[in-house]
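Have a look below at one chain only, the form predicted on its own, in structure tokens format.
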């Protein structure tokens, strides 16, 4: 099953409402995936600083004094803003890789959910409403975002198995479907030096796109290549720092609907996820075509 939502805002005046609109869309998809949920928000950022969203099952202990210890480890000041089981670490852009390595040494129970200039990912086990409430997602602002409600099929119900997956700076992906060649592709990507943490097939798809773009492909080209290199059935919704993309496999057996107005582009696994969006009654609504890349950017 699983449910996917996405919202790309063209109208900057709607940015303060991004979290609220995405939350409503995500909760509507609860019965497609009640075991875990996650949301990726593309919010404020700057050229000089990056964000690292981290998670701990024991945040009161793990995050206590972590900013000071991490600052010392990478010899650069960082700030840490806790948000329930997650925290957002702000640090110099050129220190992200060093900070990720340092975290493994300081506390290997801390997991990195996302890195990038603008991206923050929040995900946990539980109903979408409960997950969204824990992180106050409805109060978040931003230019675009994607969300996922999971019904686990190929891996355990865990925080790390939940979507979205981030495998490159400011890049994330959610997926409805199943890949049949993810194990062999995971081994190949790891040999190529791509970092993959879980056994979830969706993370392999995200890592594949990262690898293709690291080797010179645009996101559109990487998505097109996935039609040849990924076996199975899938609907992907992808976020980048400035853009938002959608791709369905050639059979397109998983449900999907899109809507576009002068203010936004929206995606939902079902139309009912879109019904509360402003101006939906006059939006252009359509089902994305199989094996066709759709992409919007700022």
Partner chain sequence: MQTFDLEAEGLRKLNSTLHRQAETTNQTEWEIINPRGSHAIAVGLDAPIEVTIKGSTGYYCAGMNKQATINVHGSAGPGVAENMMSGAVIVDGDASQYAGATGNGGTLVIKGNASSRCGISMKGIDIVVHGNVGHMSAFMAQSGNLVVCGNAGDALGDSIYEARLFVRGSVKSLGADCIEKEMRPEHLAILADLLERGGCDAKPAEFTRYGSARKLYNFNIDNAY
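Residue numbers count along the first chain shown, from 1. All values derive from a computational prediction rather than experimental measurement.
The same protein has a further form, the form predicted together with its partner chain, not shown here; the description that follows concerns it.
Of the residues 258, 252, 230, 246, just one reaches its partner chain in the predicted complex with a heavy atom at 4.5 Å or closer; this is 252.
A residue is said to contact a partner when one of its heavy atoms sits within 4.5 Å of a partner heavy atom; residue 287 meets this definition for its partner chain in the predicted complex. In the predicted complex, residue 13 stays away from its partner chain, with no heavy atom inside 4.5 Å. Interface residue remark: residue 282 is not counted as part of the site for its partner chain in the predicted complex, having no heavy atom within 4.5 Å.
The closest non-hydrogen atom of residue 272 lies within 4.5 Å of its partner chain in the predicted complex. Stretch 264-272 is the contacting one of 65-73, 52-60, 264-272, 34-42, since its residues have non-hydrogen atoms within 4.5 Å of its partner chain in the predicted complex.
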